[in-house]
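In structure tokens, the next block holds one chain alone, the form predicted on its own.
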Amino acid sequence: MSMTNKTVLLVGKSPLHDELKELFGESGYRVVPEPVREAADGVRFAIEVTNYDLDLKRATIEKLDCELPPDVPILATSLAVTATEAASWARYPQRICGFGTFVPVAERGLLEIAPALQTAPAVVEQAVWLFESLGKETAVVEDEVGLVFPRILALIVNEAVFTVMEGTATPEDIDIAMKKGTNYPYGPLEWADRIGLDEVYAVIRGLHRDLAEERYRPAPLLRKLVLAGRVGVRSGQGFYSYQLAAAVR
């Protein structure tokens, strides 16, 4: 598949926004912002990335669906809701396809794609082509909140937060134990700070909302930190403190 039109409309509030904007730019795409109506002409793909604020996510997808031609695929992150639910908000649900990963995108060799039940097969093919044109591998997975990598990592983080709350160990000791015990690149709490606690919380809250199982109950401390705006590296405070202008730990 080849496409001469390389204009991408990128919208939403998430750390993914700026990193995808940079990656698309490096790969030769023209990235256009909102307002949708002014940018609609010539757009080949729309990418929507809000995870924490579901009211905003729904309003954005409805606006994209209303103002873009029906043949423009809308690829929306499905970290906090299923792609099928996101597609249910659209008049043309066949063009909605889920995808997702956590930041930093530069460290991710693979992006997951989760078609909604309503997604047209041609839209899935276009999504695969688009993300592979960025130099990433892709994997098409079943449509569940959080997909695979974000879901599993978020649950590890949530368990680590419960461990802090119970006084079993400090954040520092938990991260040391997990790095040395698993050879993960980061401890779970350090990793959560790098991703953004709001992004991690969005996945866990979405799983609990969608599946209603106790094992997905968000740790209260994680919710409090998000409500306090202490979302990790990008806010200067999470489980650790950071200099805002400093590089990631």
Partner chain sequence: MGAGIALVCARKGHRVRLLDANPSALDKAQSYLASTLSKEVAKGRLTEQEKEEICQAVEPVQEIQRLASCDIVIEAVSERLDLKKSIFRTLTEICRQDALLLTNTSSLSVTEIAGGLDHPKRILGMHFFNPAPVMPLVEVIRGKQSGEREAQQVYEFAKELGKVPVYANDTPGFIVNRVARPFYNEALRILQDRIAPVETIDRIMKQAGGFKMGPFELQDLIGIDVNFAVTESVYENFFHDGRFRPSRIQQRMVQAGTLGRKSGEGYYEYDK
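No experiment lies behind these values; they were computed from the predicted model shown. Positions refer to the first chain, counted from 1.
What comes next is about the form predicted together with the partner chain, which does not appear here.
Residue contact check for Asp55: none of its heavy atoms lie within 4.5 Å of the partner chain in the predicted bound form. In the predicted bound form, the partner chain lies farther than 4.5 Å from every heavy atom of Glu26.
In the predicted bound form, at least one heavy atom of Thr138 sits within 4.5 Å of the partner chain.
Although the partner is absent here, Val128 lies well away from the partner chain in the predicted bound form, with no heavy atom inside 4.5 Å. The three marked residues, Leu221, Arg234 and Gln243, fail to reach the partner chain in the predicted bound form, with no heavy atom of any inside 4.5 Å.
Residues of just one listed stretch (116-124, 163-171, 83-91, 69-77) have heavy atoms within 4.5 Å of the partner chain in the predicted bound form: 163-171. Using a 4.5 Å cut-off on any heavy atom, the residues of 206-222 that reach the partner chain in the predicted bound form are, in sequence order, Glu213, Glu214, Arg215, Tyr216, Arg217.
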